[in-house]
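The data below hold one chain only, encoded as structure tokens and taken in the form predicted on its own.
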């Protein structure tokens, strides 16, 4: 996109930002009954759907159609969609090796032209891993073999998760945009922390932990791995020496609070894009803000369905971009 096109796209995004949920709107959703949440969202322009998944899927599809209208080359945003491809890879391997049913296991949202879940399943079924995108080939073969030979679906998933982070980091490093660079690095770092905490809680071996952590700039993954092989407290002690020190205090409260902190941390990092006009950054920030909004609505609806008290819902919802 040329600078003039950025100005047009950013102007469109500025108008769209006005329809994003703010903290006041989120509070209104938290205080509503489950069925009223759908009505409140419809009043804000969301489609009327029967289920949460249908609602979120329709809103995400609408967002990507809007991005297609204002950006000529959608490939610059592929980094935001890699996690969906790798999720579909995990689902395909579970279907083939673990007998998991197909119903609702795939994510099929995003711009046209990307690899479809059906293609991923087809290539895995025929062991034609070389036809997958290069970023997925090695991980697909390794994860498939691990699941088939050991029935360890958890390790299979973690190997694919690591490959996803490596692909996202590579795309982030190749981008000239700060938002995409920050997104890739922060996603990788916070995902590594989550993996380390899970491994520590399950008392996984150092060799396994090293195998599933993805190297990044803001963490020393060897120190993180050694901490995780020792104890959960050792992970916290290492984090206190890094820029993620606050994460240690939050994680001590609860894992769900830590997951919320990770999303809020990224939201705060991209907030300055509201004041930019001559780059693709504000458009990238809008995509991330919308995904954050969708995640928040998902949390609220899930909590409502399970009759979780309002004060507990507030502990889980994310800070809004606007």
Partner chain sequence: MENLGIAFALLGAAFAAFMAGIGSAIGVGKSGEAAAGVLTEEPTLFSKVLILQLLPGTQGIYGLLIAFVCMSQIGVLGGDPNLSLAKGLLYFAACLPIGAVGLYSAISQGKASVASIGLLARRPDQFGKAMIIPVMVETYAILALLISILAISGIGGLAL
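Numbering follows the first chain given and starts at 1. Predicted, not measured: the structure shown is a model, and the values here were computed from it.
Keep in mind the form predicted together with its partner chain is missing from the figure; the text below concerns it.
How about residue 57 - does it come within 4.5 Å of its partner chain in the model of the complex, if we only consider non-hydrogen atoms? Answer no; every heavy atom of residue 57 is more than 4.5 Å from its partner chain in the model of the complex.
Is there a non-hydrogen atom of residue 319 within 4.5 angstroms of a non-hydrogen atom of its partner chain in the model of the complex? It does not: once its partner chain is placed as it appears in the model of the complex, residue 319 has no heavy atom within 4.5 Å of it.
Is residue 12 close enough to its partner chain in the model of the complex to count, meaning some heavy atom within 4.5 Å? Yes, residue 12 lies within 4.5 Å of its partner chain in the model of the complex.
Please determine whether residue 66 contacts its partner chain in the model of the complex, using a 4.5 Å cut-off between heavy atoms. Yes, contact at 4.5 Å.
Based on heavy atom distances of at most 4.5 Å to its partner chain in the model of the complex, which listed stretch, 39-47, 291-299, 270-278, 257-265, is the contact stretch? This holds for exactly one stretch, 270-278.
At 4.5 Å, heavy atom to heavy atom, what parts of 15-36 sit next to its partner chain in the model of the complex? List them in sequence order, or say none. 15, 16, 17, 18, in sequence order.
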